[in-house]
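Alright, here's a single protein chain in two forms, structure 1 and structure 2, each given by itself as structure tokens.
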Structure 1
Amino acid sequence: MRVQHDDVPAPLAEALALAGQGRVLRFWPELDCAARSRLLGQLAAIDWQEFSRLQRLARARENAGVDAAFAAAVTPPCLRLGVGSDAIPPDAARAAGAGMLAAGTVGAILVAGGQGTRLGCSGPKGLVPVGPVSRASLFSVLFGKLAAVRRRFGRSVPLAIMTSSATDADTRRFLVETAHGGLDPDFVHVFRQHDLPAIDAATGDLLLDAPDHLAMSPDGHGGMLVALAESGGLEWFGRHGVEHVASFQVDNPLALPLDREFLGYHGLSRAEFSTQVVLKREPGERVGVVVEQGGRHAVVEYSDLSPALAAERRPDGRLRFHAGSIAVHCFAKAFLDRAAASDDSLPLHLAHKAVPYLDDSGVLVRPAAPNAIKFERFIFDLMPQADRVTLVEIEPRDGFAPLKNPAGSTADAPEHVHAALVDRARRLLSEAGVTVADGVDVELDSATILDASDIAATLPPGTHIEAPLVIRRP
């Protein structure tokens, strides 16, 4: 369809015509100036060469050879938090990690592009309350972890926060209203990931979800690399003296990206890419797995393995692929610099999804079955490019309680996160000689309580807690 509207810039009109996408302007006569400007802004941001590539990927989306591709793959050896190895004992790792934090060579990236819609929150998922007693938000809990590290080791951890078009404004507003969650604003860098258009699975065309709006979605957690580089974030980390960058997701309030033992294993093993894993016990668990084949490591999404391969077990009873990926990583900054310099470091992945769209009469259709292709990148796709990869297995109860599903779901729901936070608090209190009455919720203030030693400096051994309480170190 040739675009003939006089107020559409000629280069854009030509691009739309060449791409065969003139239909996205079918409601143009009905739009006011502001609506036209919004739609033109979206269209002008599209890389039309990339759009052609997305169409080709959508047409060739079938991938029937995944099992064959990993026929010879194995689960690589894992260090275990608290156990380590003969080469790197836990004490040596903890000392090395503490040294890295005290020297200020560790930075962090918080992946915070997701919305909390399914959880009853109209803004970023980071605003969802999770504190069992305080009702503190995910943002507050996770920012507090960085504040506690600064309190213990005397150095701020530079934090880059990746937002999306849906969460950027609200996240920045939260930072202003909360004095950057207690962090030094000079050590906080906010950057926004890109959006990619959804494509009609049958026609390969762009979709409208409003007369003045294309159906778009964020480009996945792998979008952090390009967006961070474009925002100047890699140079910003460099100016702060960062040599290692830990990344973690906003939906996991138990995340341990700055655990000194984990950082120590990363540093002492001279890894370019380190990652935390949990033991996957059942094939139906919805976590990807880390595999090794031909000397290279990779993460395979749970949906990319056939049920038979996912259920295969070793002679010792463990799943053949049992190293469950939990999206807590640490990278050598030099490795990120190298990867960012390449245009094809992170491939696009396709997902067949149900995407609302406007039909030709302007009615919003909410399809019951998948009708469109969405595209995203995964940061773990950098793993095969790393010269050295280190896996560190953690106990889920210590560092993995993701909030993904609404209340009443069978897993990863608010009640499960609540229970996990209370359980961890009770265990650390017990280590410090503090008891808690049955059925009583307790919460550790993440900004002041890093481990049991902070509790011991706050509550004397023998203390008994009989009512809900947030434990804070003065």
Structure 2
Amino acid sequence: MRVQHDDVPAPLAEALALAGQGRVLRFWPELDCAARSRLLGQLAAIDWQEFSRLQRLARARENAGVDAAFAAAVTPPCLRLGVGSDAIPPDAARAAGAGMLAAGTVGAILVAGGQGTRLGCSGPKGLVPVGPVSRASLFSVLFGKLAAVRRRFGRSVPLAIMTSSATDADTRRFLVETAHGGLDPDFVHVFRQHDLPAIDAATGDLLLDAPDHLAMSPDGHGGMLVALAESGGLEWFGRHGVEHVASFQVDNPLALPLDREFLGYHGLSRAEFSTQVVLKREPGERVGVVVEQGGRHAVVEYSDLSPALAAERRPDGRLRFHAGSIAVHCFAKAFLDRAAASDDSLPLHLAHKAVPYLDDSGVLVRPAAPNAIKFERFIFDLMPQADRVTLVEIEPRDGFAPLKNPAGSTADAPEHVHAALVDRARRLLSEAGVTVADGVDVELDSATILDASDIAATLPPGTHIEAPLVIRRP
């Protein structure tokens, strides 16, 4: 189909015609100048070769099945937090991790570009209040952890925050309004990931969600590698002397990306890619699993394992694939540099989603069932490229309470996150000899309380708490 509009640049008109996507201009005559340039901007950013690859993938309709590929795979050995191994006892790991933090060689990446569709977010999930008493936002709780590390070890941890078209403006506004959440602005680098078009599952065509706007979505947390490199973030880390980069997700307020012991296992094992895992107990748990085959490690998504393979158990009763991935990683900076320089881009995964779209008459349709395919890259797909991978098993109650679903859901809902944060606070208080009346919410201020020693320096043993309280070290 030829595209005939005088003010559409010829190369774009040609690309649209070649790709058979001229229909995205069907409302063109009704658009004013600003609307036309908005749509042109989006279209100009599309890589048409990649678009035809997306269409081919969508036609195949499947993520690569892995059962056959991983027939001989096993769960690799894991170091357990607090237990370690003969070669690396936990004390040695803690000392090494503390040394890395004190030397300022650790940086962090927070991925915060997701749309939070399950939770029903209209902006960044980072703004959702989770502090059980303070109602502090996810951003505040997570930034606080970096502030606490600076307080304890005397060095700022450079933090790169990944945003997306869905979260960028509100995240930057939050940073301005909160003076960078208490962090030194020289140690904060914000970068924005790319979008990819959603395509109609039936026709493979681009979708409009407004007359002047294509339905697009962020390209997955794996978009981090390219976007970080393009933004100059790898050099920025380098200028700050970063040798190890911990990455974590915005929706897990219990995350332990800067845990000394975790960092120590990573450093002492000279890993290129370390990752935290939790024990997957039941086949139906919706977590990806870390597997190893032929000396290479990979994360396999739960949807990519057949029910039979997911349910296989070892003679010791554990699932054959039981190392549940929780998306807290630590990379050697040199590994990220190498991966960013390589030509191998991370693979695309498909998700069938209900995406609002304009019908032919220009009415916005909100489908109840999936009508479109979205594409995402996952950062854990870098794992097979890593020469040394270290797995560190943690207890979920110490470091994993993701906020994914709305209140009333069976898992990962605000009430579960609330309970997990209060439970951790009560346990650390109890370690410090502080008791809390039944049913009373308590909260540890993440910016000043790193562990029970900070509590001991704040509240004398024997203290009894009877009303909701945020414990802050002065």
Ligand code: UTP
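Quantities reported herein were computed from a predicted structural model and do not represent experimental measurements. Rigid core: the largest C-alpha set superposing within 1.5 Å between the two forms. Reference numbering: structure 1, starting with residue 1.
- One chain, two forms displayed separately, with the form predicted in complex with the named molecule being the second of them, structure 2.
- Comparing the forms between structure 1 and structure 2, the C-alpha position of R239 differs by less than 2 angstroms, with the core used for superposition.
- The Cα position of R118 differs by 2 Å or more between structure 1 and structure 2 after fitting on the rigid core.
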